[in-house]
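What follows is one chain in structure tokens, specifically the form predicted alone.
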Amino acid sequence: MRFELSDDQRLLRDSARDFLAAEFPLEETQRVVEHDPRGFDPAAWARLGEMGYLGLTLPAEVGGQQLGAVELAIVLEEMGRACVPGPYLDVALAAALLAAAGGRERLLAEIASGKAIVTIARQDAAFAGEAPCGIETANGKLRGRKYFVPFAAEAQALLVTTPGGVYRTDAPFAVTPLPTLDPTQRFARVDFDHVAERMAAADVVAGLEPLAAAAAAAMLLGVMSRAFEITLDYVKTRQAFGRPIGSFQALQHRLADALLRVESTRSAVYRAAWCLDNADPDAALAAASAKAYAGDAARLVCGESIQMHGGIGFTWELGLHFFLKRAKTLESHYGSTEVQLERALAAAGL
């Protein structure tokens, strides 16, 4: 059997890589996180819409590309490689949830064009020792609190998950910013007392968990592969005792371990995406396994990348810290390693 990208998929990968490298060099990421409180550049976000990346999996009638999970994984990998600041992953998954719920063509069209940002409020866990505060729905209103809502301050609408289903509610929101390790991402606590529209039953969200896991794993793959490439270039040129440090066996072993993790993650991610596109019965198991493995692998590879750079690895100017911080953030986003392992066991019938 042959497992490789088609000509169209390779073209998508190459064009996305070139566009993102030009649009989001690390210097631009540093500028955005230092000077823009929104955490991303709206003009750059609009250009993502113009290129078709914001509507990648949406139907053609709303301006989407009508592509599948493999193509989404390709673009998310490239987004991770460029460490793009902004809510791309969260908006892509919110769009998939809206599309699965049916209707809402106008909002989907606005997402695809970059005119609207919609993310998902899903985290109910208490933060900083506060008592848990659940979500209640009564008389067409949504009341309660959600934590770690991505880019809530910039969202025009939120999709709020509850035990009774998924509700859409529109801005403005009562937003309390939360501290975040990754400066290219923004999370907040949101207190709801809003009119809300029920979009779908709770099982629609559960049905999209494998896509969310595979998507997050794809971005983790991009993060770790770029950190590895930066490190490989460095050890080939950095000299010590008259020769490149990459010639020393101790570093070669660490690089080999990192490469093994990158390529193993790549196999897991694209198997999961293929399973999702082909309604394979192993899709849930493949997606949970990919996310569980990618979370650990990316953290280790990015950490090793910084260590192999020595003292400069920790500097703001080099930018490797962005990749480690993104890896740590994504490790717990859309289901931590522990959660994904439990899902994998359940999908395997254990």
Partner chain sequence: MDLHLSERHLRFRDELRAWLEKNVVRPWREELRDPTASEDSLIELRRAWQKKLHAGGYLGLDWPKEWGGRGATAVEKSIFEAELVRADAPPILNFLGLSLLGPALIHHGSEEQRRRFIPPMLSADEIWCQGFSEPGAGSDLASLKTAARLEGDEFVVNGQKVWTTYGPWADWIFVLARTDAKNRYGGISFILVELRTPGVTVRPLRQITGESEFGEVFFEDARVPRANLVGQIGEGWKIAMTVLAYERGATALAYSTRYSRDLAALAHACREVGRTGPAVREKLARLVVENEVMRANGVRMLANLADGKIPGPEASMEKLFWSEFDKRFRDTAIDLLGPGGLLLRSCSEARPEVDWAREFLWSRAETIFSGSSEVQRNILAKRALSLPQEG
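Quick caveat, the model's predicted, so the values are computed rather than measured. Numbering follows the first chain given and starts at 1.
The same protein also exists as the form predicted in complex with its partner chain; that form is not shown, yet it is the one meant from here on.
Exactly one residue in G207, P183, G165, G246 has a non-hydrogen atom within 4.5 Å of its partner chain in the model of the complex; which is it?
Residue within 4.5 Å of the partner: G246.
Can you work out which of L107, L89, L276, V235 has a heavy atom no more than 4.5 Å from its partner chain in the model of the complex?
So the residue touching its partner chain in the model of the complex, by this definition, is V235.
Would L142 sit within 4.5 Å of its partner chain in the model of the complex, counting heavy atoms only?
L142: no contact with its partner chain in the model of the complex.
In the model of the complex, is there a heavy atom of its partner chain that lies within 4.5 Å of any heavy atom of R271, even though the partner is absent here?
R271: yes, in contact with its partner chain in the model of the complex.
Is A171 near its partner chain? Define near as a heavy atom within 4.5 Å, in the model of the complex.
Taking the distances in the model of the complex, the answer for A171 is no, it never comes within 4.5 Å of its partner chain.
When the contact criterion is heavy atoms within 4.5 Å, does T29 count as touching its partner chain in the model of the complex?
No, T29 stays farther than 4.5 Å from its partner chain in the model of the complex.
Within 4.5 Å of its partner chain in the model of the complex, do H253, T337 and L341 each have at least one heavy atom?
Yes: each residue has a heavy atom within 4.5 Å of the partner.
Can you say which of 187-195, 157-165, 112-120, 254-262 gets within 4.5 Å of its partner chain in the model of the complex, counting heavy atoms only?
Checking each option against the 4.5 Å cut-off leaves 254-262.
If you apply a 4.5 angstroms heavy atom cut-off, which residues in 64-84 are near its partner chain in the model of the complex?
Sequence-ordered list has one entry, V70.
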